[in-house]
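The chain below stands alone, shown as structure tokens; this is the form predicted on its own.
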């Protein structure tokens, strides 16, 4: 039985058609793996670094329902959302859970006049311009659109790919929020006269290269 099986394998190996098919299959799989690797360069979806202080968004945002803007003061009015200073933490923790080892790290940072070295999770490349206020305030997008279900995260991770294709797809699918915003009144009127569907971000230049790269 073993000799017959060995003979069959040798026969298959000697068959030029089968050998050629195996070689091409290997080449195709290797090419796909290489392309997948190239497309994944710079994509950090799922990145969840260990922070210097174990801050739970699930507790603060989910359970206590603290608004994002309380800690990230620029999220609705600035280009950057901002990293909270230790003083913001102390608004509560000068009295709450002072004995906690994690809270004591905040006290140590303040006593030594040293900033807390938080590790950035969501980081766009320098060649891409992104304005938080433009999306959260003017566009009316919720933080979860880009950051995922933060209120359920014990440790914050990058939930979305944040690639250019992902942003472009959002601009193609998202309706322009023109409610109570006189800036868009004339655009809305012009769009309604010429198009049947709602005005998308792409209709007001959301796919132009210079919108994000200049």
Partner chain sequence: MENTKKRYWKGIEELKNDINVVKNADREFNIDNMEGGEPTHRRDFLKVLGFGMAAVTLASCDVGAPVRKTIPYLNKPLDVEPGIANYYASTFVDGSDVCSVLVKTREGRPVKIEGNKLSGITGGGTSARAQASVLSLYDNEKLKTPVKGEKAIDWKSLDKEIKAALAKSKNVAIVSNTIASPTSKAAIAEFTTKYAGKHIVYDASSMSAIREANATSFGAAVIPGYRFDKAEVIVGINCDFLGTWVSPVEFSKQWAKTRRLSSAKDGKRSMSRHYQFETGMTITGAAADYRSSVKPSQEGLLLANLYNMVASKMGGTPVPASKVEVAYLDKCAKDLVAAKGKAIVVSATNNVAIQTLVNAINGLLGSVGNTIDFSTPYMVGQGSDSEMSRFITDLNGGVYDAVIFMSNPIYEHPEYAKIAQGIKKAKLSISLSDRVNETATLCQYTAATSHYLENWGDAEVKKGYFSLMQPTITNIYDTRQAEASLLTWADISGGDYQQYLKNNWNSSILNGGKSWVQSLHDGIFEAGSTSEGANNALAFTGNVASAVASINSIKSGGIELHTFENITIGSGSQANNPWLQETPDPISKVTWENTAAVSQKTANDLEIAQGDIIKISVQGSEIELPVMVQPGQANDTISVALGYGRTAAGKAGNVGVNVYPMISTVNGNLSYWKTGVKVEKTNSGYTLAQTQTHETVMGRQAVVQESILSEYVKNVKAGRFEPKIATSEGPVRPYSISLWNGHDKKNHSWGMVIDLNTCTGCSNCLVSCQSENNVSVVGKKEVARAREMHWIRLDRYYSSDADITDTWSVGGLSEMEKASESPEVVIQPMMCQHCSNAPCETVCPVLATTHSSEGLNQMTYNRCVGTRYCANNCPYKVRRFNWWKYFENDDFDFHMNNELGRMVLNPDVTVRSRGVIEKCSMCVQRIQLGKLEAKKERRRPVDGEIETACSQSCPTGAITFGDMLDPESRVSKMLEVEREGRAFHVLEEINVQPQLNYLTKIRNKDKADAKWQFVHTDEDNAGAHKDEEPKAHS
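Numbering follows the first chain given and starts at 1. Keep in mind it's a predicted model, so treat the numbers as computed, not measured.
There is another form of this protein, the form predicted together with its partner chain, and it is not shown here; the text below is about that form.
> Please tell me which of 94, 104, 144, 85 lies within 4.5 Å of its partner chain in the predicted complex, judged by heavy atoms.
Looking at the other structure, the residue within range turns out to be 85.
> From the list 181, 56, 152, 175, which entry has a heavy atom within 4.5 Å of its partner chain in the predicted complex?
Exactly one listed residue reaches within 4.5 Å, namely 181.
> What stretch, of 58 to 66, 185 to 193, 25 to 33, 144 to 152, brings heavy atoms to within 4.5 Å of its partner chain in the predicted complex?
Comparing against its partner chain in the predicted complex, the contact stretch is 185 to 193.
> Find out whether any non-hydrogen atom of residue 197 is located within 4.5 angstroms of its partner chain in the predicted complex, and reply yes or no.
No, residue 197 is distant from the partner.
> Could you tell me if residue 160 has a non-hydrogen atom within 4.5 Å of its partner chain in the predicted complex?
No, no contact at 4.5 Å.
> Indicate whether residue 79 is a 4.5 Å heavy atom neighbour of its partner chain in the predicted complex.
Flag for residue 79 set to yes.
> Should residue 100 be classed as touching its partner chain in the predicted complex when contacts are defined as heavy atoms within 4.5 Å?
Contact with its partner chain, no.
> Using a 4.5 Å heavy atom cutoff, which residues in 91 to 125 contact its partner chain in the predicted complex? It's fine if the answer is none.
In sequence order, 109, 110, 113, 114, 115, 116, 117, 118, 119, 120, 123, 124 come within 4.5 Å of the partner.
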